[in-house]
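Single chain ahead, by itself, as structure tokens, in the form predicted alone.
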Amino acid sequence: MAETIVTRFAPSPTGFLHIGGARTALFNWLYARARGGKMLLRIEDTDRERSTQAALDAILDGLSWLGLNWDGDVIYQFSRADRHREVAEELLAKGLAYRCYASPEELTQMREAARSAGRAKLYDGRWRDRDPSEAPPGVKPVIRLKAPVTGETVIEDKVQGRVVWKNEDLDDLVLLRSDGTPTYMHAVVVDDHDMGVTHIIRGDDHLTNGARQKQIYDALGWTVPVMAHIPLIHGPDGSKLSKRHGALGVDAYRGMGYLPQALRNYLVRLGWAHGDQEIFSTEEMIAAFDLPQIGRSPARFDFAKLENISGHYIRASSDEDLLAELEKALPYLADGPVLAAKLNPDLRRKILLAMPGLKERAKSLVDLLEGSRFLWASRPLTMEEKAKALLTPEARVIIGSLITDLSALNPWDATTTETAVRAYAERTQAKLGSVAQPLRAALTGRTTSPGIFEVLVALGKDESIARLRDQV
């Protein structure tokens, strides 16, 4: 019987869910889902001083918003400290670990000596074979792994290929600190084993950790999970990703108005390729994703590409779905609460009427919010400078005449309003643009908007006439 694939995402709640972490979670999720497996979520909260509830909430909220659902309950690493100690004591009892009584001063001297000699190994193993009876009084020991000192530690990585370390360059790893708390390196191994993790997919900044963790697995006689260390995300210029490049929390992208499915689609293509295909439905992503297609070079974050993908998803969404997404996003968008307070059935109807024109121009929900602002702006409208410039005395005469023509319309729809405006232009021998532009400025306070007849229909007869009257 084939084994069940189990992946895991294991963030530390010391900061929000950043974009690189979100991509790691996505890759784990896709790999498990494609193979009928499970993705587990473990919160590595052993750093009690830096772990915060706000960061934890942001991680869980960010994953849920992206649609990356995990299997089973969230596992908290700190709560498993007794189990971590039990395994370290087991290694000690078998002679595969030892108590080290080196003082902080001794460790500092060792590190300085190793660095000045150009040695990778910083700890000299001085307590490896000494009898604990020689221990200085009052010193609480750490427990170290008795790592192999000859030969090699090898990982057959699914992304990086065969990676080899000489054991003589690897330290005897600390498993338990002097206060009895487990180190990250040890806790990760015990947790992954106990959770049945079969595949570890994480950033390549953990590659050396992979070698150290394999030594713990080997000492315990446990099966080493398949490892895939994915390159980190860099900025467009190839440098380490910084905030100016987009190294932000997932919540920031939500606040920028990107649809979750658009961000997910963008992230899957950061470092993973499937021919020339750029747009993937969730089903296509799951079916196509595999580890060998992940490149070894760092992916480059590109805001323009994210905007293009986001624009595609907005145009491809139905008007009703897009309005629902906009409503859900309002608490996270600048000025979103202003619209939320005004959103009633009539305004929803107006936004839906304008949506075909709004979404053609939008690359984000922020663009939709801004584009729809003319529908929920209070009278008299606040005018943009360019719109104000269009409302010349001559333009106000045109608007005054159009008020008479438009007031007579019944029914009020795209056909009747267009017929009336075109008839006025022909009657006065004016170009349609010279009529439509001041009309747009008076109705929206802007020089750009959906088509002018869509604007008239979405606002409705009473509001349209009232706004025009404000300008004459």
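On a predicted model such as this, the values are computed, not experimentally measured, just so you know. When you see a residue number, it is the position in the sequence shown, counting from 1.
Omitted from view is the form predicted together with a small molecule, to which the following refers.
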{"property": "The small molecule contact in the predicted complex: residue 199, any heavy atom under 4.5 Å", "result": "no"}
{"property": "4.5 Å heavy atom contact, residue 10 to the small molecule in the predicted complex", "result": "yes"}
{"property": "Any non-hydrogen atom of residue 296 within 4.5 angstroms of the small molecule in the predicted complex", "result": "no"}
{"property": "Residue 217: touches the small molecule in the predicted complex, heavy atom cutoff 4.5 angstroms", "result": "no"}
{"property": "Within 4.5 Å of the small molecule in the predicted complex, all of 44, 184 and 188 (non-hydrogen atom)", "result": "yes"}
{"property": "Position in contact with the small molecule when the complex is considered in the predicted complex, options 240, 128, 312, 206, heavy atoms within 4.5 Å", "result": "206"}
